[in-house]
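Just one chain follows, in the form predicted alone, and it is written as structure tokens.
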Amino acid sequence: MNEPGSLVGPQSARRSFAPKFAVALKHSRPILLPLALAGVALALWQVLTAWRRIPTVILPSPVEVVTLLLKIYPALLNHGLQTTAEIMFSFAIGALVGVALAVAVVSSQWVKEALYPNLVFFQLIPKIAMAPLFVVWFGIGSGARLAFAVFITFFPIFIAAADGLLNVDPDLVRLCRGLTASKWQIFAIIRFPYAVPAIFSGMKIGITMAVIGVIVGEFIVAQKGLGYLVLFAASQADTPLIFASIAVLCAIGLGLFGVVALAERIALKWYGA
């Protein structure tokens, strides 16, 4: 029985707790569901390897991969830092190039007609087939890997940015022109803020392409990095090391994707979107 001075009884407390729990569950669902699905997949993987007695050289169990990962974590971290630095640098350059080309295409019809078809043509060329050419052009150092990563990173950012800058409400543009706003003022006040979501959509694709570009570059020419480590492990038939390297690479890629998503939220809040 509730005390006479009590304002909140057990039933009312439960009623007030239920909406809070539902809200918390709704906000945490995008995190909990992927983690739950990944956990189920890992459990099935572990059961399959134990039940079918699959040799480690063909498919190691998750326990074996995690055990090796913890055992050689310093070496994986050392290689991972090299790969992360190259991914971040190539993504930054690719984003700058992509946005700059999009601005140029939007600013001039002549530039659009001259540049856009050629960019599309170059992107139709199989990129993996061009990777050895970057080694010939830039040598066996990190320049070849970075150039190749930038080459496959900038295009989705360019397409998304150009689409966002062009697809602006024409009534707003006409209104600004009627108020004698300059071309630069229209770009800064109307076009760019409206294009921010599209630009970051391209950047989310671009960061994944940067990961692929750097790893492919490390496959071809590298003495350090997770791509090099995967290739070395494959030559030694060390499948657990391959999976451990891939696990670290996935963690790096997920973290960098999260950084881009966080930057998107900050930018959208800044522009009031």
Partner chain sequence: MMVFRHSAATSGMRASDQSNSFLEVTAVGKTFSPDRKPVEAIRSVNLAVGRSEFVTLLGPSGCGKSTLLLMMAGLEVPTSGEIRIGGTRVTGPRADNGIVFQDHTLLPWKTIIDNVLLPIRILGLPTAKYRQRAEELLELVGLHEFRDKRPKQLSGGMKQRAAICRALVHDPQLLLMDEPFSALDAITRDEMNIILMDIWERYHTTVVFVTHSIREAVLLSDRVIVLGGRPATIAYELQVPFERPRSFALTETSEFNQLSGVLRSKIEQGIGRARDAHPPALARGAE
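Numbering follows the first chain given and starts at 1. Everything quoted here is computed from the prediction, not taken from an experiment.
Separately, the form predicted in complex with the partner chain exists; it is not shown, and the next lines address it.
For the chain shown alone, Phe138 is not a contact residue for the partner chain in the model of the complex, no non-hydrogen atom being within 4.5 angstroms. Put simply, Lys71 is far from the partner chain in the model of the complex: not one heavy atom of it is within 4.5 Å. Shown alone here, Gln185 lies within 4.5 Å of the partner chain in the model of the complex, counting heavy atoms only.
The shortest heavy atom separation between Cys176 and the partner chain in the model of the complex is within 4.5 Å. Contact check for Asn78, Phe89 and Phe151: none of the three has a heavy atom within 4.5 Å of the partner chain in the model of the complex. Only one segment in the set 125 to 133, 94 to 102, 165 to 173, 112 to 120 has residues whose heavy atoms sit within 4.5 Å of the partner chain in the model of the complex; it is 165 to 173.
Residues of 75 to 108 placing a heavy atom within 4.5 Å of the partner chain in the model of the complex: none.
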